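Just one chain follows, in the form predicted alone, and it is written as structure tokens.
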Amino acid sequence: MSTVTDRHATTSASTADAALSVRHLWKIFGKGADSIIGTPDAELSRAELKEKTGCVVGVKDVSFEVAPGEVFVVMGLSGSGKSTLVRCLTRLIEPTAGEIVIEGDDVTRASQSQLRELRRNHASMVFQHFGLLPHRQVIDNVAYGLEIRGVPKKERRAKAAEVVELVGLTGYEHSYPDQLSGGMQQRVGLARALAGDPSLLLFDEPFSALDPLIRRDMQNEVIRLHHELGKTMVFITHDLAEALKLGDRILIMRDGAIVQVGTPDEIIGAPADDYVRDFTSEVPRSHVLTLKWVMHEPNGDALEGPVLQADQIVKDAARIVLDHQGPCRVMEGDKLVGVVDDEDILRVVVAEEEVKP
């Protein structure tokens, strides 16, 4: 599979075909950090290690793969290590140990010239703070990365104009950053990242400073661009609703370590521990869970009702089920995997009402 075309599809990647592979990644801040990994001290909690050694764990033995074309979300509360993790991926922060492979190249072994090549041509980052050049117009801000590469002015401006149109900024090419709203400035930052046609886009909480309505618009913009371009994306956020909306899969971090990795419905339907369960307790389950989480065995049910797919969201299938007098078939492709009836649907809805404050 080269791209993820269905939202929230279950996606995994082996190291061989992964767009990004991270293996046993550590980042420990402090003197003597290298000597901690592989010792009993590495198993201490973050607070215990800091008290004993003065060192602070940013990322603790993290491993995951991201498939080509996948939107992979890393989320956690402040201090969980998510921003440190994303900065380690292109060595904006130097990892203490571990392996990072982007499209077959080991980033941890790269020279400084190879890192510059990676950042200019293969992996672009969009930050919370836009970092726009205030004295340059939008068109030249977007073309800045191409300018650094040495692309001739006419060519880079033509490419920048294409990307400006792609992100919905047509008509603002000659505006300056201070003439734009926060959301429009972030579109410029996104356009600048896209101008170099990178294979991997890294987002470090890019929308957290925006107003809620603008933030929602930018989330929709990312979804639209992903559908159009099929780029591999790693998106950092502390917002669970944002993670569930954007992610094909979600990695949840706490104290630098992985707590759970899964699709949105796996995170909500089968939380790994009480931390994740509490974290997700107020999420409307019918908006995330698929029918595979609520269906039951046929057990002699009449099977003449509507056909639904196991990966349909409960909310989207609810009206069909409730309008039908009897069970509906649930299929995975051509295979019958279960049935769902009004009781199955209402059970989820009642559970949602019970958790409302």
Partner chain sequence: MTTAVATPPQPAAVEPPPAPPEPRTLPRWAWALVVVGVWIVVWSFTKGQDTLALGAREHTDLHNEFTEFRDAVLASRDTNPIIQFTYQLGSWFTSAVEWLQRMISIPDFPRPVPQIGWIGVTAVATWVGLAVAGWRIAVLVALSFFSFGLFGYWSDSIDLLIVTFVAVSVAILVGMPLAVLLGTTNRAGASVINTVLDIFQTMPTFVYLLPIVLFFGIGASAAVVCTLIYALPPLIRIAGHGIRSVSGMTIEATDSAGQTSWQRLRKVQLPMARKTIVVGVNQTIMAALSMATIAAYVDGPGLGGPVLSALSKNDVGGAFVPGMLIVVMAVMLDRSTTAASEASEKAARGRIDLRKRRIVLAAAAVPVVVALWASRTYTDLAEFPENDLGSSIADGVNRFVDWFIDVFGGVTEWFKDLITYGLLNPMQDLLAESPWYVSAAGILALAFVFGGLRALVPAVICVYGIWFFDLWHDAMITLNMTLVGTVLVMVLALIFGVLMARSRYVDLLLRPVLDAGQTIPPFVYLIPILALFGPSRFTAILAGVIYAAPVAIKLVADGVGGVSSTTVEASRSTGATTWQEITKVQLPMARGSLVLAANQGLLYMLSMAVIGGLVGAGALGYDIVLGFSRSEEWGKGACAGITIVLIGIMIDRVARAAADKESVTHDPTRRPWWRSAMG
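Quick caveat: nothing in here was measured; it's all calculated off a predicted structure. Positions refer to the first chain, counted from 1.
From this point on, the text means the form predicted together with the partner chain, which you will not see here.
*Asks:* Would the partner chain be touched by all three of Arg119, Phe130 and His135 in the predicted complex, meaning a heavy atom each within 4.5 Å?
*Replies:* Heavy-atom distance to the partner chain in the predicted complex: all three under 4.5 Å.
*Asks:* Which residue, Ser111, Ser78, Thr170, Ser181, is the contact with the partner chain in the predicted complex, using a 4.5 Å heavy atom cutoff?
*Replies:* Selected residue: Ser78.
*Asks:* Scan Leu166, Val259, Leu89, Met125 and let me know which has any heavy atom within 4.5 Å of the partner chain in the predicted complex.
*Replies:* None of the others qualify; the residue that does is Met125.
*Asks:* Based on heavy atom distances of 4.5 Å or less, which listed stretch (173-181, 280-288, 67-75, 241-249) is in contact with the partner chain in the predicted complex?
*Replies:* The contacting stretch is 173-181.
*Asks:* So in the predicted complex, is the partner chain close enough to Phe29 to count as touching (4.5 Å, heavy atoms)?
*Replies:* Within the cut-off, so yes.
*Asks:* Does the 4.5 Å heavy atom contact test between His324 and the partner chain in the predicted complex come out positive?
*Replies:* Looking in the predicted complex, residue contacts with the partner chain do not include His324, since no heavy atom lies within 4.5 Å.
*Asks:* Evaluate Pro40 for contact with the partner chain in the predicted complex, applying a 4.5 angstroms cut-off between non-hydrogen atoms, and reply yes or no.
*Replies:* No, Pro40 is distant from the partner.
*Asks:* So, in the predicted complex, is Asp217 in contact with the partner chain at a 4.5 angstroms heavy atom limit?
*Replies:* No, Asp217 sits far enough from the partner chain in the predicted complex that none of its heavy atoms falls within 4.5 Å.
*Asks:* Using a 4.5 Å heavy atom cutoff, which residues in 38-61 contact the partner chain in the predicted complex? It's fine if the answer is none.
*Replies:* Heavy-atom contacts within 4.5 Å come from Arg46, Lys50, Gly54, Val56.
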